[in-house]
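Presented as structure tokens, the chain that follows is alone, the form predicted on its own.
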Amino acid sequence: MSDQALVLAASAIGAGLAMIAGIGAGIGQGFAAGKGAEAVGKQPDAQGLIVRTMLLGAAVAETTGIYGLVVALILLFANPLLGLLG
């Protein structure tokens, strides 16, 4: 097996592992939405503050999934590891 094939295979596995980050972001956003709905149910007067805080948390959680996607795309299409082979 050539070195280039080995690097490409390892990059594909790494890209798949990087996409697991999307699972954590989805779970975190679902948990935040559930707790936000629960908080609005308990204190309807604070809905604006609760929703604003929940959306900020969802945006931060979403960046984790986006970073995983960017890493996967770099490994698949702009692989910097192939340049090290020479």
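Sequential numbering from 1, following the sequence displayed. Just so you know, these numbers come straight off a predicted model, no measurement behind them. By rigid core we mean the largest C-alpha set that fits within 1.5 Å across both forms.
Quick note: we don't show the form predicted together with a further copy of the same chain, though the next part is all about it.
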Checked 16 to 44 against a further copy of the same chain in the predicted complex; residues with a heavy atom within 4.5 Å, sequence order, are G16, L17, A18, M19, I20, A21, G22, I23, G24, A25, G26, I27, G28, Q29, G30, F31, A32, A33, G34, K35, G36, A37, E38, A39, V40, G41, Q43, P44
Q) Core aligned, does the CA of A46 move at least 2 Å between the shown form and the other one? A) yes
*Is_shifted A37 between the shown form and the other one (CA, 2 Å cut-off, rigid core)*: yes
